[in-house]
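To begin, one chain is listed below as structure tokens, in the form predicted alone.
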């Protein structure tokens, strides 16, 4: 685990460097609107424009900007948003909990449904139920996220009006109790979480199902059957536990894809998470926000993969010597 941790720290440094370079490779810059005479926000005073560039450090050499960025990232100072003139750490603190709520809810639902469905389908491999579940999982996993979200929004939000159309909670609402606040936030969470769950559940189902089929053909399963163990113990204890190893690794690796999908979903549902923040920051070329947001997301993904390595070592002690 120490070697793995060192590898993750090296990966984090590479991510930090990529976070610094990628926004600067985008066409334009944060002050392009201020320097464009055709823009409504054009600053006519050249001294003011120069002062703005100096204030945000955009007049420094690239290497100097990189050194300032690394020192700020290590000390927790992510700078100020050029678009909103607010501390980036405050913006991330306001948006990251919403994204974590959405992604953790969707990942948990997809993991439970994929795990149970894949185990049952693998146990009954070749049956009609297995074929139906495999077909549905392939169709759902290949459907565009934006299309699925729009369909759910039209049916349950616009037509039936069972759920809110957008947002993370009702604007200007006051809650008499925490239960009322949780209920309102939960109603706004249903559609984006369901969209993200459907987008990720198919691949997890197929992985567990195929792993179960492979495990059922192993010699130790034949020995377990010969001992006269019950079908429930064979399925849930012997077969499923050995099928969990690739599932846990895939679940952690899938966290990055889930957050990427959350960018589109949060934009579609106007959900106040990191995806919405990144989307608006890209349009404004807001370097500090992009750097801070990508750093927060990358740290969460790397942390999830490190946790998956630890869980896999607990499930299979042989990995501790690899």
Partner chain sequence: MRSQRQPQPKHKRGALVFGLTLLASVILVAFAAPLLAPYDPHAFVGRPLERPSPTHRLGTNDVGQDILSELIHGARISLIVALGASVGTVALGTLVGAVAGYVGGWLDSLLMRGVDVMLILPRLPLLILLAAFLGTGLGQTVTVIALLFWPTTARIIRAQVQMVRRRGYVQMARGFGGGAFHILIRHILPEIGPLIASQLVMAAGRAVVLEAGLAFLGLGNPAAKSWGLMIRFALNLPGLLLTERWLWWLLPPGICITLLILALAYVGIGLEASLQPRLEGV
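Model, not experiment: these values are computed from the prediction. Positions refer to the first chain, counted from 1. If you superpose the two forms and keep the largest set of C-alpha atoms that fall within 1.5 Å, you have the rigid core.
Keep in mind the form predicted in complex with its partner chain is missing from the figure; the text below concerns it.
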Test of understanding: in the model of the complex, would residue 159 fall inside 4.5 Å of its partner chain by heavy atoms? yes
In the model of the complex, is there a heavy atom of its partner chain that lies within 4.5 Å of any heavy atom of residue 9, even though the partner is absent here? no
Give a yes/no on whether residue 263 approaches its partner chain to within 4.5 Å in the model of the complex, heavy atoms considered. yes
Just to confirm, residue 65 within 4.5 Å of its partner chain in the model of the complex by heavy atoms? no
Residue within 4.5 Å of its partner chain in the model of the complex by heavy atom, from 171, 217, 76, 176, is 217
The one option of 112, 129, 154, 104 with any heavy atom within 4.5 Å of its partner chain in the model of the complex is 154
Of the candidate stretches 82 to 90, 95 to 103, 185 to 193, 139 to 147, the one with residues having heavy atoms within 4.5 Å of its partner chain in the model of the complex is 139 to 147
Scan 162 to 200 and write down, in order along the chain, each residue with a heavy atom lying within 4.5 Å of its partner chain in the model of the complex. 165
Core-superposed comparison between this form and the one not shown, residue 287 Cα displacement 2 Å or beyond: yes
